[in-house]
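This document opens with one chain alone, in structure tokens, the form predicted on its own.
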């Protein structure tokens, strides 16, 4: 049981990058698509140098085979100085939000990774694509599905690849859940329940608590993982949703949701349950099939995922998820092949999120998409 005293950072991390990159099980290596093919490493520029860039992405880029940290974009001059020294980034590869478009003339940078507050995702994804760069955009992809569609359209027009930061699609325990669920290894899926959340103890004025900046609260930030978990376990898209919510701290969560519960309906009438929270420490995915069951817990952590099949622990190693994710995208760019987590994947999640918020307002089942 995770203590309620844990912060978002310590709870989500649930492990350490010190574990290093361990070799994937041979049976999973083809799925992981982590290329070690020799050749030029692609340069990645991180846009936004907050906790996720500092604590996860930059360290992970020290362990990648196909890409490296080539540049940064920040609105804080002191961070530019610090990062330049720490990672030996030349001045010509350092940008701010005003001169960002000049990145178009920089051959050192092939990929832009947008790691900004959600309301800035659309703008900088579009600006990066128009600057001729391929893009990884952190989750949630945008404020709503309409913005996602605009981002996808511009990237296609500019012939640039767009990927969403769904690191778990490259994580071996998660890939095993996809296999077990989608291939019906133990028969038809009969039940899925999943939850993700943490107890928010941060700045009461943070952007995450502002609807205009974050799009929502625990659902946008943590619920995306629960929605994803259900979708990639089944390999199907939900068609309707019914949702409810609770707020025990209305003074803190004035503008955004605190805890949300939902049922998803899939074709054929099958229903699943899920939840998200900024006031509960959850991280699990539980699945039952006709002749067996499997689960992940923690299911969505940065540094460690654990799982079991019919009560026996999954025999997979821990990996640096972000390194695997970025290496795979660099490989896709180099070989001009589709990424398994394209913009369309982010759009599908946001269609569900939009419908959940609509259901919270109406109190009824709402169609998705």
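Numbering follows the first chain given and starts at 1. Given the structure is predicted, the values throughout are model-derived calculations rather than measurements.
Beyond what is shown, the protein has a form predicted in complex with a small molecule; the following relates to that form.
Shown alone, this chain has one stretch from 249-257, 288-296, 120-128, 186-194 that lies within 4.5 Å of the small molecule in the predicted complex by heavy atoms: 120-128. Within 4.5 Å of any heavy atom of the small molecule in the predicted complex lies no heavy atom of residue 179. Taking the partner from elsewhere, residue 100 is found to have every heavy atom lying beyond 4.5 Å of the small molecule in the predicted complex.
Although the partner is absent from this view, residue 49 contacts the small molecule in the predicted complex, with a non-hydrogen atom inside 4.5 angstroms.
Proximity of residue 165 to the small molecule in the predicted complex: non-hydrogen atoms within 4.5 Å are present.
The candidate spot formed by 116, 139 and 225 is fully in contact with the small molecule in the predicted complex: every one of the three has a heavy atom within 4.5 Å. For the options 207, 284, 261, 270, the one in contact with the small molecule in the predicted complex, meaning a heavy atom within 4.5 Å, is 207.
Contact with the small molecule in the predicted complex, judged by any heavy atom within 4.5 Å, is made by just one of 242, 211, 160, 79: 79.
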